[in-house]
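As structure tokens, one chain now follows by itself in the form predicted alone.
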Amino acid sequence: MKISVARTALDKDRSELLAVLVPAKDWKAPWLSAGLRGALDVPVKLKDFAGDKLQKLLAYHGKQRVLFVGLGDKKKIDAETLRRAAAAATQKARQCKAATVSLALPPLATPNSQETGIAVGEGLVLGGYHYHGLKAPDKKLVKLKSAAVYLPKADSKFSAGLKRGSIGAEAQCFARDLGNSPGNVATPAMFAKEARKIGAAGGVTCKVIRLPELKKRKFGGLLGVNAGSTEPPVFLEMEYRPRSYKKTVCLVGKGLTFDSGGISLKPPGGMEEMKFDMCGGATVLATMKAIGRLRPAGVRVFGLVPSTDNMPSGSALKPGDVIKSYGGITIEVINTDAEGRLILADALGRAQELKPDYTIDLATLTGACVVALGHRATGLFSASDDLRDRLLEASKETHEPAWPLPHWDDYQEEMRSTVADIKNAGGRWGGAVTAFAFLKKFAGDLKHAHLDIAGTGWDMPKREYYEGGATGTKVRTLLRFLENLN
């Protein structure tokens, strides 16, 4: 979908759907044409529309559909309100089978017009997202071709923000596509193919480490989880390196393309959702894709994605087995369904060799985190106050909430093994916290943060820019985190 700032007057708009964002009690404002003000007269008199926050009204102006979206109190309009209001426009356009949509913004007393542009660009793209999957072609399906944004006056900062927001949101939609794809499609081989496409597009390099080299270099965690599978594993190493940089960041994503639990088999009910267990890896791939287009200054970025599925078979990893991770730490496997941390252990060992200033891993790691925080907030663990605070700031700015959880060394006691350096599962309680205690062992001296997206990678509450399935969560947060380093 092409997104641009409109060059014509609002009263000359001929799009198939015009969305007008209206602050509360502002429908008589002079920025609206007389015809549009007139379209609101009857709904307002009948109290069907008052401009309340995210209130929606579909009306008609001549032969054109007009969607009025309320913004609420003009003094309280924030980026999330604008993001959701813009998404309402493209969401309704899809429902109406409109190929073209326009969005009219009122004069806004916002402190940063670039931030407004970012929010609007994100909303337009995310609201227009639809995953058709492997269904038969729908002859009635109409794809959104363009979205034009009408401004009260020209604003170059807004325009720059609109482009930046749309690029980030397009990457988030790419992560959604990966997450929504079934496990027989989104295989490790497919992950490798998509990573190489990102590298070929420019700005980012990509290396795919395959089975022979994984064995030679002793990626024991990844090989152990893959032992029961017929799908070969891959380890993806991507890099963005500007000419000059002051900081280096390593992003690590769990690319578990399907998780049966292995020998510690999961219950059958809901197991189909385990195709989403690669959402952390999808977020890292998508972030690297956006980085290749945005080319942020002053920061070097690595993206590491270990990828496999976790299947039961005669050759599969067994409870009680001991494996050796990349870097030489031995692990007693208590539960083969605690497999994500095993492949992350290898990735964190590799990250240590890259010597980044910050390392962030993302994984749909524990059901315990969903119990603790539900589907609205990501669990954030970090022994670094600096990194924790930076991530919290970025998540707040992008409205992708995260919440800090404990990281005390006392939890290491629950991960002690009598036959190896560490075991991969603690007791029944505090599973999200003990999972991080495990990861800390492999992060070593890295300034490291772990984002448990088990509750936010999919199945979040629906809203204007999310209708279900994979969310692509934390792409926006990571991009903002990188931008804030400068």
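For every residue, the number given is its place in the sequence shown, counted from 1. Everything quoted here is computed from the prediction, not taken from an experiment.
FYI, the form predicted together with a small molecule isn't displayed, but the following is about it.
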property: Exercise: Leu223 in contact with the small molecule in the predicted complex, heavy atom 4.5 Å; result: no
property: Distance check, Thr366 to the small molecule in the predicted complex, heavy atom within 4.5 Å; result: yes
property: Distance check, Asp277 to the small molecule in the predicted complex, heavy atom within 4.5 Å; result: yes
property: Exercise: Lys266 in contact with the small molecule in the predicted complex, heavy atom 4.5 Å; result: yes
property: Segment that reaches the small molecule in the predicted complex - one of 67-75, 331-339, 127-135, 96-104, heavy atoms within 4.5 Å; result: 331-339
property: Contact residue in the predicted complex, chosen from Leu451, Val433, Ala443, Ala454 - any heavy atom within 4.5 Å of the small molecule; result: Ala454
property: Contacting member of Ala437, Leu32, Leu40, Ala425, with respect to the small molecule in the predicted complex [4.5 Å, heavy atom]; result: Ala425
